[in-house]
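Only one chain is given next, in structure tokens, and it is the form predicted on its own.
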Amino acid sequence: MPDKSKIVETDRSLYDFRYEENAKDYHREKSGITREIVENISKEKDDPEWMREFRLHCLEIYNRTDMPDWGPDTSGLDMNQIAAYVRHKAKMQSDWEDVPEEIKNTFERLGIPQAERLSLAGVGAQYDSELVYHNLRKEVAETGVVYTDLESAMKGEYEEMIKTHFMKLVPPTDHRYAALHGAVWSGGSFVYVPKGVKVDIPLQSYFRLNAAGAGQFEHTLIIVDEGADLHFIEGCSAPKYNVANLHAGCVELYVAKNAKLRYSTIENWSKNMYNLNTKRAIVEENGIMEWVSGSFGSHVSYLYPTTILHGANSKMEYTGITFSGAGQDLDTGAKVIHQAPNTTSVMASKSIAKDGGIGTFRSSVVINSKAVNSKASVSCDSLMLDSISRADTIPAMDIRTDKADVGHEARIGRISDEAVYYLMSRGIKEADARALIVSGFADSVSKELPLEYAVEMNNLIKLEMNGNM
């Protein structure tokens, strides 16, 4: 089993070369968002004409859409200083040994491709704006499962399927950064699980934003067909710089009748990152959508996975944890829209704040008039590790039928001095005792992850507790 602690970078030293020193190996668009840059990206990608037109349409929407007037402060993010596209000139590989050495070294120190030996069904690795590696186990591919980079799939036999689904759940009119994403998106994965196929072991994508002053805009599109079952894991990291970086990816998930999808995320962004990611799922009759989310790092986060329960008896569960430290304002949560009878949603969130960090849990529950006999439960627990941090809960509920069962609860607490004293009396150092209590607080999330990723999350918590991130 690989040492998953390698995924956590205590010194952020992995960025050991400069783009200007290796200019011949890299293509980097100049900073800013202009028509010229969008067209250059489209040309670089060899987009079909419909995608080129879509990008330019998104750019028009971006230019006329205002910033949100609520949530964390994003004034430190200047898009004129962000490079929307940076890639190594090497092509994507299916054999790890063919990946360029400097990129391979970075991922190997993060635990990739060791992750393949965790019995994963497939692994994709993105470095800055491009996928550098993608591989799917032969026995999984033989069941008809498709797991490949979105750009290749878009130009092959799955073009019509992608054209039908791409940015339909998250339209560019949704918000300013959705429009930006549509204009400059690059990389990401496409997954299709055929009817009745149950993938017993997870697929994983790992995203690494390694360039200073850059943005990452990957797009993940997953379609789980009728009666199928999939667990997809997403990991993210970046080294720390003294300039802003931006992550504005997009995830669109389609869960068909009687299908099930679990989407797990461990985000370990650096604290100069603006994480403005958008994730959305639609679930048909008797389908199940499960979100498991761990958010660590980033200077500012806007992250609210949204589920549309479109079919009768469909279900959604969200389990998440956020750890905010000094200089961090993490605005996270979940949204659900009940559109059909007998639908069920459960949101359970944990947040931890220390050293003046701000953690906000924002939830939205909508139950429309047709969603009779639906149930929704929202709970948020916040743990304050000092007197200068802040935790807020902002629930929103829009209930359009009397025949619904809806509940919300929120609790804020501190580490008990008695519990710390008890553990110290058993020979445990004070810092370790506090970390142990926080890990126990996060147990409801970690137990939903595969063992290796639960270990990774606990390592992240320990590093946050010790102020090493």
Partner chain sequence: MVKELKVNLLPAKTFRYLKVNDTKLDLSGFEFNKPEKRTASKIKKAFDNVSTGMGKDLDTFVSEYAEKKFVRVTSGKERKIYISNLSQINQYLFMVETEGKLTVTIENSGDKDLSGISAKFILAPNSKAKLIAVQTLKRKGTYFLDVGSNVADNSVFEFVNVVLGGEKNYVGCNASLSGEKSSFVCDTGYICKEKQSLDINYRADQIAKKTQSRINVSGVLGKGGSKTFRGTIDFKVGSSGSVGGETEDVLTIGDEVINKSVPLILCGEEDVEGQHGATIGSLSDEILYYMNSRGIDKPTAIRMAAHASVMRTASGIDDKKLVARIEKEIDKTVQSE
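Positions refer to the first chain, counted from 1. Predicted model only: the values in this text are computed from it and were never measured.
In what follows, reference is made to the form predicted together with the partner chain, a form of this protein that is not presented.
> Check for me whether the partner chain, as it appears in the predicted bound form, comes within 4.5 angstroms of all of 157, 160 and 315 - heavy atoms only.
No: no residue has a heavy atom within 4.5 Å of the partner.
> Taking the partner chain as it sits in the predicted bound form, is residue 335 in contact with it (heavy atom to heavy atom, 4.5 Å or less)?
Residue 335: contacts the partner chain in the predicted bound form.
> In the predicted bound form, is there a heavy atom of the partner chain that lies within 4.5 Å of any heavy atom of residue 390, even though the partner is absent here?
Residue 390: yes, in contact with the partner chain in the predicted bound form.
> Are any of the heavy atoms in residue 408 no more than 4.5 Å from a heavy atom of the partner chain in the predicted bound form?
Answer yes; at least one heavy atom of residue 408 falls within 4.5 Å of the partner chain in the predicted bound form.
> Indicate whether the partner chain has at least one heavy atom within 4.5 Å of a heavy atom of residue 412 in the predicted bound form.
Within the cut-off, so yes.
> Out of the stretches listed (393-401, 127-135, 258-266, 235-243), which one is close to the partner chain in the predicted bound form, meaning heavy atoms within 4.5 Å?
Flagged stretch: 393-401.
> Identify, from the list 430, 46, 36, 66, the residue with a heavy atom within 4.5 Å of the partner chain in the predicted bound form.
None of the others qualify; the residue that does is 66.
> Within 4.5 Å, heavy atoms only, which of 139, 200, 386, 101 is in contact with the partner chain in the predicted bound form?
Contact with the partner chain in the predicted bound form is made by 386 alone.
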